[in-house]
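In structure tokens, one chain follows: the form predicted on its own.
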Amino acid sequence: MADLSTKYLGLDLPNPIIVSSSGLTNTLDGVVKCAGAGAVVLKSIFEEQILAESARLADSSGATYWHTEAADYIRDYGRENAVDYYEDLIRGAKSETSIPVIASVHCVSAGRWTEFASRFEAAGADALELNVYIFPADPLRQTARENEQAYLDVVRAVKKHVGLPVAVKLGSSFSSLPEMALKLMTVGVDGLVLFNRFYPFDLDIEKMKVSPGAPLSTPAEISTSLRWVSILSGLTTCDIAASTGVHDGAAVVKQLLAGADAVEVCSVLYQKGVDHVATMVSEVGDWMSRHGHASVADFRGKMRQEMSSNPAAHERVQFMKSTTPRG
């Protein structure tokens, strides 16, 4: 029988399939249902969520608006309340499952709240995934370099407070993604998750308003992460998890061949249920058996750019018309 075990962020995973941060992992019951995966990333606690909880509590008592110290107390209590719930979720997940539990924080700054990361460590989290995104829409307010520095500041601040392995879930929109990956390594990042799938944007032309696009990924969306996993896995020494567009075992195999240490899945589990993880694990095992691989280590990274006989094919981004004369 094929051995699908792997290592990611220094953790021993029974298989390389990780259920990514989502509504599927927002409750203890949801996490328990994901126990057949290699690991689970809890739904992100948002910087905005902490602030919203503070505002909700303040709204419950109009008196807080008339006393500065009371307003400060309510704000701090709200922040604590949001983090307390998350700590309880971590403890419950560790108690009820045997797979690694990765806490997730959606952050846009390196503020004081990052100190709560140490509490997630104390609660039993095995690792921390930072879901960072700073929308670069205003070049006058913040330059490209300043945007990049914000990522580095967040990682540096979190690493200062925790001994946990830390991964950063990135978007693909950097002028030089390899340079950014190397910079993140210099501030101590242990892993990269490629890529974050952001809230989709669309326009409703009948109601004349902004509307959400398709909320779930499609198998076709694997191409961007697959390309960059194949390139970065040979340039970096940190671990890499592939994300977006992974809907079956064949896609998992592709990402492992490209050099990923693990693969995060989400959309397909909404469509087919979390039991689909077992199907994907079986498909990967069947492929390994057909190709004579006893373990994931036997083939991981075999098709990354560094190992390719045609490295340029990993970087080609334009179609070219054939110039071969036709007979």
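As the structure is a computational prediction, the values presented were derived from the model and not from experiment. Residue numbers here begin at 1 and follow the sequence given.
Below, we refer to the form predicted together with a small molecule, which is not included among the displayed structures.
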**Message:** Test of understanding: in the predicted complex, would Thr114 fall inside 4.5 Å of the small molecule by heavy atoms?
**Reply:** no
**Asked** Are any of the heavy atoms in Glu264 no more than 4.5 Å from a heavy atom of the small molecule in the predicted complex?
**Response** yes
**Prompt:** Within a 4.5 Å heavy atom cut-off, is Leu257 in contact with the small molecule in the predicted complex?
**Reply:** no
**Request:** Indicate whether Ser230 is a 4.5 Å heavy atom neighbour of the small molecule in the predicted complex.
**Result:** no
**Message:** Counting any non-hydrogen atom inside 4.5 Å, which residue from Arg300, Lys43, His276, Lys33 sits next to the small molecule in the predicted complex?
**Reply:** Lys43
**Prompt:** Heavy atom within 4.5 Å of the small molecule in the predicted complex: which of Ala150, Ala250, Leu216, Val187?
**Reply:** Leu216
**Prompt:** Taking the partner as it appears in the predicted complex, which of 89-97, 155-163, 237-245, 202-210 has residues with heavy atoms within 4.5 Å of the small molecule?
**Reply:** 237-245
